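Encoded as structure tokens, the following chain is the form predicted on its own, with no partner shown.
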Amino acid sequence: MTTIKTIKILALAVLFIGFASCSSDDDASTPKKEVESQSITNLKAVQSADYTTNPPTITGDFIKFSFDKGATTTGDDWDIAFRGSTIIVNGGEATTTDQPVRTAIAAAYIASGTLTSVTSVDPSLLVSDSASNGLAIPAVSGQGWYSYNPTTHIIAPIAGKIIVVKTHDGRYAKLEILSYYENGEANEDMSNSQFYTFNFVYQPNEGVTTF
């Protein structure tokens, strides 16, 4: 009788180990989503300025963008938003009263390198927008993604500056702004400014900080 019981216990143990092994194999074999790369051309984010007031009155909608969708959005699922040369993130707090309310945990920083060479996120560098400390992506010539030439009035992306973003739901993306002018080049009166062309890479897997 003891022998029969022992055999039954051993059989159950083997069966349990088999189930556990299959479950582990299933977890290990669950495929991760592939990193996504995309180009966005001529994203229009126009603002208007009234220079008769001091300081000038800036108006215009912030154009919200989702890396997961690879497109603009009107909901709270936005990661970054554009207006003129200003880029905000969906995290922290507004720095002016006309900005969208932040509803999520997005953050950002600017890395030096190329879109290819920036291969991972440094979480310690990520910051959200702040009323006291300013925007995570500075909207100041030479301090953020662009430089402004006071002679030609051209706004040009700074080579080697990559914006690294923590998205609204805690994933990661990186982008390189290529142009601020429609079709890549300013016309004579620069009336085709405030059109963003950029490349981005999106990491869709939660908790993964590499691209």
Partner chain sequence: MGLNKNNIAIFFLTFFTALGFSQEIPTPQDTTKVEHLEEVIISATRTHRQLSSLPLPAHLVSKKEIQRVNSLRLGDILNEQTGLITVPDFGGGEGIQLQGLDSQYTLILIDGVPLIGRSAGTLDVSRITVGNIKQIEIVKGASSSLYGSEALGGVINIITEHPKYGFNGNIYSRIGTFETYDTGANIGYKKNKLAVNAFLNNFRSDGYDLNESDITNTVEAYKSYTLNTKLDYDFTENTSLFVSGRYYTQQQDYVASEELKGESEIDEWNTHLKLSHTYSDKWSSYFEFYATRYKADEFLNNPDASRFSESDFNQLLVRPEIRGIYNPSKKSAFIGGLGWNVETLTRTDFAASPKFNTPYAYLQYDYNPTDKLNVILGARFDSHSEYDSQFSPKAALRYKLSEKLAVKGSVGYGFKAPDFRQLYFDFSNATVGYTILGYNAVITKLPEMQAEGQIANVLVPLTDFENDLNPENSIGINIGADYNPLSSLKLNLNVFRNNIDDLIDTRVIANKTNGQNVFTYYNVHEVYTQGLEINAHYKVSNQLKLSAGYQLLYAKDKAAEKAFDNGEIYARKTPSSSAFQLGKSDYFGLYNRSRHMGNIKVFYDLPQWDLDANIRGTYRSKYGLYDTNGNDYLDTYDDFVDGYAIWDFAINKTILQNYRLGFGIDNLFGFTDTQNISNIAGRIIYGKLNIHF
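Positions refer to the first chain, counted from 1. Predicted, not measured: the structure shown is a model, and the values here were computed from it.
This protein has a second form, the form predicted in complex with its partner chain, left out of what is shown; the following refers to that one.
- Residues G60, Y109 and T209 are none of them found to lie within 4.5 Å of its partner chain in the model of the complex, as judged by heavy atom distances.
- With its partner chain left out of view, the stretch that reaches within 4.5 Å of it through heavy atoms in the model of the complex is, among 120-128, 136-144, 73-81, 99-107, 136-144.
- Of the candidates S37, S48, T41, T152, T152 is the one whose heavy atoms come within 4.5 Å of its partner chain in the model of the complex; the others do not.
- Its partner chain is not drawn, but in the model of the complex it has a heavy atom within 4.5 Å of P56.
- Although the partner is absent here, N192 sits far enough away that none of its heavy atoms falls within 4.5 Å of its partner chain in the model of the complex.
- In the model of the complex, its partner chain sits within 4.5 Å of a heavy atom of I177.
- In the model of the complex, its partner chain stays beyond 4.5 Å of every heavy atom belonging to G170.
- Shown here without its partner chain, the chain has A156, P157, I158, A159, G160, E176, I177, L178, S179 in 154-179 lying with a heavy atom within 4.5 Å of that partner in the model of the complex.
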